Ligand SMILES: N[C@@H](CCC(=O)N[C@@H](CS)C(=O)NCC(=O)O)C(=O)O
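Quick heads-up: it's one chain on its own, the form predicted alone, in structure tokens.
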Amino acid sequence: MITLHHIPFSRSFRILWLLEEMGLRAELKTYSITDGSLRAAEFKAISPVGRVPALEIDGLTIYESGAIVEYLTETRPEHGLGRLPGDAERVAFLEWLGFAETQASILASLNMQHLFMGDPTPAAPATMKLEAARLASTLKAMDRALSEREWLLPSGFSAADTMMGFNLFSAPYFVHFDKFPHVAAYVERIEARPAYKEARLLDGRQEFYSKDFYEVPHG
């Protein structure tokens, strides 16, 4: 039995997609960020800071998506989705896992600023502008890398690409992708993958965004 603790349209999609790429089907336990379920003692016994993803597999419970990706790819190397110690792309693989988390932390800040902060502590436009610029900077770096290849690693698709799952459907709410044509083409390649399509069907309805794009307010 594999159990994935999950919120639709969140970082846990990374793991849902990777499991589908590996042909592994998980039972989904779905939570909401607004109903208090992440703060419950039962869930914090699984994920100490009350965040998804958390994965129950092989008699273990693992939280933090980067750690889960490394565990899955290292314990199931037959799928060829990781880059093990000694592989020429090992360092690049680990760098992209870290890059995805850096980018996701900016997205988390933008989500907080635009979606969850309000009276009596409204978000500061200057902070929103700065965070949008930081996100654009990460997309520019990705665009440059993807101008030379189809996937993040030169040898082809890997779990580093699945780490971008959450990022690339959240980023367009804050930064226009027309400035990043290679990233836009990369998203199209991702969306064509059968495992990605299946994971999106399983993912569930997103509850975060009510607009197509979030402009930085004047102020």
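Nothing here was measured: the structure is a model prediction, and the numbers come from that model. Throughout, we count residues from 1 along the sequence that is shown.
Missing here is the form predicted together with the named molecule; even so, the following discussion is about that form.
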(request) May I ask you to choose, among 38, 28, 187, 57, the residue with a heavy atom within 4.5 Å of the named molecule in the predicted complex? (result) 38
(message) Can you tell me which of 64 to 72, 190 to 198, 148 to 156, 175 to 183 lies within 4.5 Å of the named molecule in the predicted complex, counting heavy atoms only?
(response) 64 to 72
(message) Is residue 168 near the named molecule? Define near as a heavy atom within 4.5 Å, in the predicted complex.
(response) no
(message) So, residue 101 and the named molecule: in the predicted complex, are they within 4.5 Å at any heavy atom pair?
(response) yes
(message) Residue-level question: is residue 164 within 4.5 Å of the named molecule in the predicted complex, judged on heavy atoms?
(response) no
(message) Is it the case that residue 33, even though its partner is missing from this view, gets within 4.5 Å of the named molecule in the predicted complex, heavy atoms only?
(response) yes
(request) Would you give me the residues of 39 to 53 that have any heavy atom within 4.5 Å of the named molecule in the predicted complex, in order from first to last? (result) 39, 50, 51, 52, 53
